[in-house]
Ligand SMILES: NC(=O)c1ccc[n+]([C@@H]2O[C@H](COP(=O)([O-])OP(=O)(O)OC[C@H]3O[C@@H](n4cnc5c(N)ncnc54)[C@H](OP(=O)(O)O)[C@@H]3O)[C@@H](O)[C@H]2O)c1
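In the block that follows, a single chain appears as structure tokens, in the form predicted on its own.
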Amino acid sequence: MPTPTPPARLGLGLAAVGRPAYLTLGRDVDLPGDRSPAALQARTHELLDAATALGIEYVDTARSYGRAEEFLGSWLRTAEPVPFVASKWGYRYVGGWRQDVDVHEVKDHGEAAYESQLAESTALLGPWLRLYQVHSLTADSPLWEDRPLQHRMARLRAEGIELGFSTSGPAQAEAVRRGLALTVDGAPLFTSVQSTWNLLEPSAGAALAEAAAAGARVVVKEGVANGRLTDRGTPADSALAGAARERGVGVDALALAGALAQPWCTVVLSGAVTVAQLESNAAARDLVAGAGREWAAEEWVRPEDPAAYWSARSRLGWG
């Protein structure tokens, strides 16, 4: 008999707690007025402790998430057990620890950026770094044609750190397929992909299923659509909100369960910024466990056109 697919796991992403501003609905309510590095480090540690208590064993961060790698590294020194740690390079945080700036991060997929950011990530995360990903690999990235950079990254893989990439935008499926087809010396360069998939934007699903079939880890980000698929962002009279009430959970749990139920999914990231949100997100696991991998929530919400979804996302304010 074929080996059954392991159930997808919940992970914790630190994008929303490593810097004072991020694209999440209602963040002004969820974070303290004091968003100093010390306050956000304390919040990050609180979330990581709660994640450990909930059995969450995968943590995702990035160079551009403000000081999230630093906050995570300081927590890892005494963590038990130690989670699987993934980070990303390719964007620089330029927000100056302010909320009222026009630009918060800048993309750079050049070799110099890779070298400098790898050094920064390894200095902060040391022996705990397990997966290093290209942040938002899109069609315009110079990495596709930069063979010296690809070979330099392959050397990191040979040293024992897995390589992956994340995707964004309406052309995610193309990026997933193209990224997993990249090879160096006859071997795939990447063995992990992180993409946006949620009930409003499921267009990358077929490509992610192909990735899983090829043996890649598939990580889902933005499963609650930056807060749009939560009690806060979903009309109370909608079918999705009604289905959540019937099951005694929040809309966020129902949305994340929809991702966890996908047979190609390995990890679904929670972007919680409070322990209560993380606990609410974690209820998604019980929904799927009680119904099997066939269960999904697509019947309660209509997907949006990908271009319209990403256009709406780009208009969200950095709260």
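The numbering used is simple: start at 1 and walk along the sequence shown. This one's a predicted model, so the numbers in the text were calculated from it and none came from an experiment.
Heads up, the form predicted in complex with this ligand isn't pictured, but that's what we're talking about next.
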Kindly confirm or deny that 70, 73 and 118 each have some heavy atom within 4.5 angstroms of this ligand in the predicted complex.
no
Counting only non-hydrogen atoms, choose the one of 177 to 185, 134 to 142, 201 to 209, 119 to 127 that falls within 4.5 Å of this ligand in the predicted complex.
134 to 142
Proximity of residue 109 to this ligand in the predicted complex, heavy atoms at 4.5 Å
no
Can residue 20 be called a contact residue for this ligand in the predicted complex at 4.5 Å between heavy atoms?
no
Could you confirm whether residue 66 comes within 4.5 Å of this ligand in the predicted complex, counting heavy atoms only?
no
Close approach of residue 247 to this ligand in the predicted complex, 4.5 Å, heavy atom
no
Contact residue in the predicted complex, from 221, 92, 217, 157 (heavy atom within 4.5 Å of this ligand)
221
Though this ligand is not shown, can you say which of 262, 277, 52, 41 has a heavy atom within 4.5 Å of it in the predicted complex?
277
Scan 301 to 319 and write down, in order along the chain, each residue with a heavy atom lying within 4.5 Å of this ligand in the predicted complex.
313
